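Only one chain comes next, encoded as structure tokens, the form predicted on its own.
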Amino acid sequence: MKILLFVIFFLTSFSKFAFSDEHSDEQQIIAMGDIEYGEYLGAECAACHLQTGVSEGIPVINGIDAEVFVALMLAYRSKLMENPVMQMIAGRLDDEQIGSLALYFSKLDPPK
């Protein structure tokens, strides 16, 4: 049920951003990424985004589609999605770092 709520929230919050021509091309950002660099950077993400399931509204990001991850991070970085913590974190990441994290988390198995 929590996953369904997250998906509904994501689709409604993100639809304006996803269909805008003003955002960077997710594929280009992913192409800049390095999976090992993403693994290194991902340790900070894992402190809040647990690998075992949703915790206090914080979603699991293991197994997330790389393009979705990039789009979400760009939305947080440009403050189109509201979450002060994620806006701060995304705001200090460059495109290469976002692409690296996207590659890394997309390759991890989601929780069962």
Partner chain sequence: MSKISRRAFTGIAAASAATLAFPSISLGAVPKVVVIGGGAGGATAARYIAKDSGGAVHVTLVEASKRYYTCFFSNIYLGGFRNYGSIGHNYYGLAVNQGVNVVHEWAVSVNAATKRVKLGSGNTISYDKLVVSPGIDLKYDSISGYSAAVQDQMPHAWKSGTQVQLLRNQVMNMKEGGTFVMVPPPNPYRCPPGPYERVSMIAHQFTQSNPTAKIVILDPKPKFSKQGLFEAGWQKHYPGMIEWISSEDHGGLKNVNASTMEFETDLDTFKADAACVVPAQKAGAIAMAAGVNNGDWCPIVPASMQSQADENIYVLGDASVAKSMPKSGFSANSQAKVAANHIRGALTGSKVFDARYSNTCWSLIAPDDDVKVGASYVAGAEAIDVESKFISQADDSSETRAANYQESIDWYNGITADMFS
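Positions refer to the first chain, counted from 1. Keep in mind that what you see is a predicted model, and the values were worked out from it rather than measured.
The discussion below concerns the form predicted together with the partner chain, not included here.
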Task: Partner contact for Val68 in the predicted complex: the partner chain, 4.5 angstroms, heavy atom - done: no
Open item on the list: Residue-level question: is Ser78 within 4.5 Å of the partner chain in the predicted complex, judged on heavy atoms?
Closed with: no
Task: Non-hydrogen atom contact Met32 with the partner chain in the predicted complex at 4.5 angstroms - done: no
Open item on the list: For the partner chain, considered in the predicted complex: do all three of Ala46, Ile58 and Arg92 come within 4.5 Å of it, counting heavy atoms only?
Closed with: yes
Task: Within 78-112, the residues that have a heavy atom no more than 4.5 Å from the partner chain in the predicted complex - done: Asn83, Pro84, Val85, Met88, Ile89, Arg92, Leu93, Gln97
